[in-house]
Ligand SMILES: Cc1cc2nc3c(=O)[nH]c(=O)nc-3n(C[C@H](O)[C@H](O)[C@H](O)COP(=O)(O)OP(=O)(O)OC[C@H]3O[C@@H](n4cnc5c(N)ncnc54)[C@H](O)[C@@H]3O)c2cc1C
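Just one chain is shown here, as C-alpha cells, and it is the form predicted alone.
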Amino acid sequence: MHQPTTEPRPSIYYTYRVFQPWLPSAHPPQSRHPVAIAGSGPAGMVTALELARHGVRSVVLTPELQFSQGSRAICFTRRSMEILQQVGVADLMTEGGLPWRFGNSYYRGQRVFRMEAPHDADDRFFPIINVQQQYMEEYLHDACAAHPLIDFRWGNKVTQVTQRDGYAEVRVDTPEGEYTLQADWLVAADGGRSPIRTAMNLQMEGASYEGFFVIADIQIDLPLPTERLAFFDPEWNPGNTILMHREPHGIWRVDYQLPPGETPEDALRPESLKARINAQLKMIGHAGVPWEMDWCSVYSARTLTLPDYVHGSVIFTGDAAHLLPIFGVRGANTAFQDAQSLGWHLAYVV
C-alpha cells in the first residue's frame, strides 16, 4: 500500500497543508474517464483546468499529499501569466509576486551587460514575475478543487499502465490498497523522472551536460532591487557562473555552478554551502549579513526529448516529455505552454 508522507514539509516562509488521501472505499465504482492525468505539477494541473474550460472531465492522480518541496520554479513569463489568466489564477500570482524586467551580467567583477525587457504601461503583465512554485501550485490546486469537472486525488500513485483497445487501464495504489481506473486518454505529467515513461521503456534523445549546479534559497535582508544578477568567472568560483534572484517573503535564490569533479553530496554539506554563500555575499558587498537556509538542491543541465509524445492512449507532457536546461526560465514556462496547447487539442479530440 502506498503510504505518502504525512508530516508537513519544512519551510521558513510557506506553511504546508497535508491533504487527505482519496480512498476508493469512500467512492462508488466509476465508469471510464475521458481523461486521467498522472501528476499534479504545473503541467498536470493546467492541463486539467484547460480541459475543464472546454467542458471535458478529468481525474488528477498524485502520489503526494502536499505541494512541492522548495521554491523550484520561481520565474514566470508574460506568456505564462496569460495562460494562467485563462485558467483563473493570474490575479493571485500578481498579488504575491515580484515583477521585474532588468537583468545584469558581470564578468570578473565588472558589469558588461544590462538587459531591459520590453514593457509598456498598457501591458497587463510584466515580462517576468517571481513567485515560489508552492504558491503557484496552491493557486492551481484550489482552482482545480473548485471546478466540478476535475476530480483531484491526493495520495494516489500510478503503478502500472496497460494499453487496451482504445483506452488505458491504470493501476493506482492508495493507503488502503490498489484499484483500477480506465481512461480514454492518460496524460503523463509525472515529471522529469517519469515512472510511466520508464515503465513503458521509452528512451529520450538529446544531450546531458557535464557539471552540476546548486540551488540554495536563503532568507536574508539585502537592499537590492528585483533584478536578475548573473556573475561569470567570479573570483571565488573561477570559470563558473552564479545567478541570484529575489523571491517574495525575504528569500533570495543563489544558484552556482560547481567545479568539475565535485559530487552533489559534497556540494550539499552544510559547511560547503555556508562557505560558498558567504563568499558570494562578500563579493557583492554584503559580507556578514545574517542568513538562514530554507531549501537547497543540486541539478544538472539536460536537453532531452521523447521522439514522439503520443503512445497509444498515453500522452506525455511537460518534463515527462522533454527536459530543458533551467537557463532562460524554460522549465515550468514551457510546461504551461504544453498544457495550454494539449488542453484544447485533447478537448477537441474528446
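Because the structure is predicted, anything quoted here is derived from the model rather than measured. Position 1 is the first residue in the sequence shown; the rest follow in order.
Below: the form predicted together with this ligand, not depicted.
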| query | finding |
| --- | --- |
| Contact residue in the model of the complex, from Val89, Ile218, Cys144, Val158 (heavy atom within 4.5 Å of this ligand) | Val158 |
| Proximity to this ligand in the model of the complex, single hit among Ala183, Leu84, Ile74, Ile251 (heavy atom within 4.5 Å) | Ile74 |
| Any non-hydrogen atom of Ala48 within 4.5 angstroms of this ligand in the model of the complex | no |
| 4.5 Å heavy atom contact, Trp295 and this ligand in the model of the complex | yes |
| Pro195 within 4.5 Å of this ligand in the model of the complex, heavy atoms | yes |
| Partner contact for Ser11 in the model of the complex: this ligand, 4.5 angstroms, heavy atom | no |
| Partner-facing stretch of 285-293, 54-62, 27-35, 307-315, counted where any non-hydrogen atom is within 4.5 angstroms of this ligand in the model of the complex | 54-62 |
| Residues within 4.5 Å of this ligand in the model of the complex, restricted to 329-344 and counted by heavy atom | Val329, Arg330, Gly331, Ala332, Asn333, Ala335 |
